[in-house]
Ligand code: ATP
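Single chain ahead, by itself, as structure tokens, in the form predicted alone.
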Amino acid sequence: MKEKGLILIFTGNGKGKTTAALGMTMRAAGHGMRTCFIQFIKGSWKYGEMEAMARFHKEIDFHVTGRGFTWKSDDLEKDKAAARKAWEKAKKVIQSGEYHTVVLDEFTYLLRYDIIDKEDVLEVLRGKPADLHICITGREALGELIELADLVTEMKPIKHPYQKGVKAQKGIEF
């Protein structure tokens, strides 16, 4: 059996995509491996993961690059510009050779809504360093992304407290 850098995708409509990526990040940090975690959409309020990751500043570089959830946006063009700028940063991080893992959190939306160029993304992913793991999260991952990936997990909702009127809770959703 060989080792190689993997492309992993956590997608689907169920809860747990970012949580799974955070778990991988913590696992890598536990081994002293460096991870760059880039959140593309979240950003308008305080998340528990931001505080936790700050405690592992030697192993984890955590970047919140979005302006908040786009469906609550006051200026979609600013959101798109922030996403494009974050993708340029991600490309540099991917090629830097500084990291064991790079997480592109909530990244699938940028492709699904044509905010960034799909062919550019595929080219960068195909040309990534051989030993680098890249984890991508978000709903509706494109078929081309799924085809390129080594591991794809679809989070499928079976039951959720929202269905019974229970709001998002600290430590569970954020």
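Just count from 1 along the sequence shown to find any residue number. Remember, predicted model here, so these are calculated numbers, not experimental data.
Here the subject shifts to the form predicted together with the ligand, a form of this protein not shown in this document.
Trainee: Given the stretches 102 to 110, 23 to 31, 118 to 126, 52 to 60, which is the single one in contact with the ligand in the predicted bound form, using a heavy atom cutoff of 4.5 Å?
Mentor: Looking at the partner contacts, the answer comes out as 102 to 110.
Trainee: Residue 153: heavy atom within 4.5 Å of the ligand in the predicted bound form?
Mentor: Although the ligand is absent here, residue 153 would stay clear of it in the predicted bound form, with no heavy atoms inside 4.5 Å.
Trainee: Does any residue in 9 to 34 get within 4.5 Å of the ligand in the predicted bound form, counting heavy atoms only, and if so which ones?
Mentor: Result: 13, 14, 15, 16, 17, 18, 19.
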